[in-house]
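Given as structure tokens, the chain that follows is alone and in the form predicted on its own.
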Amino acid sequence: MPLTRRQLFPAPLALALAGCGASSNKPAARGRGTADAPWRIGMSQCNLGEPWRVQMNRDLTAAAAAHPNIELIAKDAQNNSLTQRAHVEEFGQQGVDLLIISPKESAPLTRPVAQLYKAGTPVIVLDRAVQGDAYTTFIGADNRKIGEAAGKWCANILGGSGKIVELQGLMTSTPGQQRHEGFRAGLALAAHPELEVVFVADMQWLEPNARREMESALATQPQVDLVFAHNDPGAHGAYLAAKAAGREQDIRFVGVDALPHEGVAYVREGLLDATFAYPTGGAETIATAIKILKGEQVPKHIDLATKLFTRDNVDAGGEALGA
């Protein structure tokens, strides 16, 4: 017996919205694109356990809601690559007009995304990349550039001398890998022999993990001058661990994301010394989906701009990073 739409998209995982749509590699797929017969976009989010991803879904939803000729169907993979792979397959079976995916990990999602794309469904890969180029377009900020800018800022603020903790995002994800590579390049440790990374841990983007890892760092390292976390929840978790140990005044904390109610607020409150903006890309993604659905050409890679927020510039709206 064929599965019903309710079975394929159970209530806890799917959210249908009157909003922005989907297509195949052909314009006006299957005759859709009207309020009565909207394009359907499938969205697979790797998890909703991170505040930044919750904000991404809100931004996608808000942008989609402005377009009554589009239906957005959003699913939460709950940090499970196998679940996310099943999402892609289910969306293909349902015949969505376009897929948006923000992958948990690159390798496990590359093949199902490529299969759907090669079968004629356009795919927007958002934030985290897959391997190869079997997708329509990738939208995201330059993680390596952000990591390198963070490394340079940290080396400068420390005057080229100090002990550093790096709390990494999920290192099987491209943002974690690229932020790490950029950070080390920006630190230029060979040129700064008195800078030393004394503790490294993968906190998988999660604040509770970061707090536990920072507790370990503080227990084993008598001196820590700065913490660079790959996201703001990680930096905040590190701050809380340091505060509990009575060492927060001796350490600088730097993160990435710069959500107004999170990283930017932490900088304004004096909890973080700096954060680098990582835009969710929600509005840009829906605008790009509409172009694809109309049969327009879009770039293979769309870069999102970033900013640096410090205690000196936060009230002025941050400082844009140069090219």
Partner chain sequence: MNLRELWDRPLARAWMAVALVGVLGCCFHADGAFFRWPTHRDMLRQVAVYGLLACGMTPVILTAGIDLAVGSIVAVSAVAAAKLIIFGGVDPVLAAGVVSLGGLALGGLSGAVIAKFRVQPFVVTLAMMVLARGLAKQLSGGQKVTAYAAGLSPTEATGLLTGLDTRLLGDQLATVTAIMIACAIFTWVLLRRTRLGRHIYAVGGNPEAARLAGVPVGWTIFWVYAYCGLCAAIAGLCQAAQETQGDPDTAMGYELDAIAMVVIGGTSLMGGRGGVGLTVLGVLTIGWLQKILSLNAVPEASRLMATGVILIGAILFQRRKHA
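Positions refer to the first chain, counted from 1. Just so it is clear, the structure is predicted and the values come from calculations on it, not from any experiment.
Form predicted together with its partner chain: not shown, discussed below.
Contact between Glu215 and its partner chain in the predicted complex is found at the 4.5 Å heavy atom cutoff. Residue contact check for Leu240: one or more of its heavy atoms lie within 4.5 Å of its partner chain in the predicted complex. Taking the partner from elsewhere, Arg58 is found to have a heavy atom lying within 4.5 Å of its partner chain in the predicted complex.
Although the partner is absent here, Gly49 is a contact residue: one of its heavy atoms lies within 4.5 angstroms of its partner chain in the predicted complex. Of the candidate stretches 204-212, 189-197, 113-121, 126-134, only 204-212 has residues whose heavy atoms lie within 4.5 Å of its partner chain in the predicted complex. Each of Pro233, His236 and Leu271 comes within 4.5 Å of its partner chain in the predicted complex, counting any heavy atom. Contact annotation: of the candidates Ala185, Leu82, Ala107, Ala219, the single residue with a non-hydrogen atom within 4.5 angstroms of its partner chain in the predicted complex is Ala219. In sequence order, Pro233, His236, Leu240, Ala244, Ala245, His261, Glu262 are the residues of 233-262 having a heavy atom within 4.5 Å of its partner chain in the predicted complex; the partner itself is omitted from this view. Three angstroms is the minimum change: in the predicted complex, the CA atoms of Asp76 and Glu213 sit farther apart than in this structure, by 3 Å or more. Note: the CA-CA distance for Asp315 and Asp59 contracts in the predicted complex relative to this form, by 3 angstroms or more.
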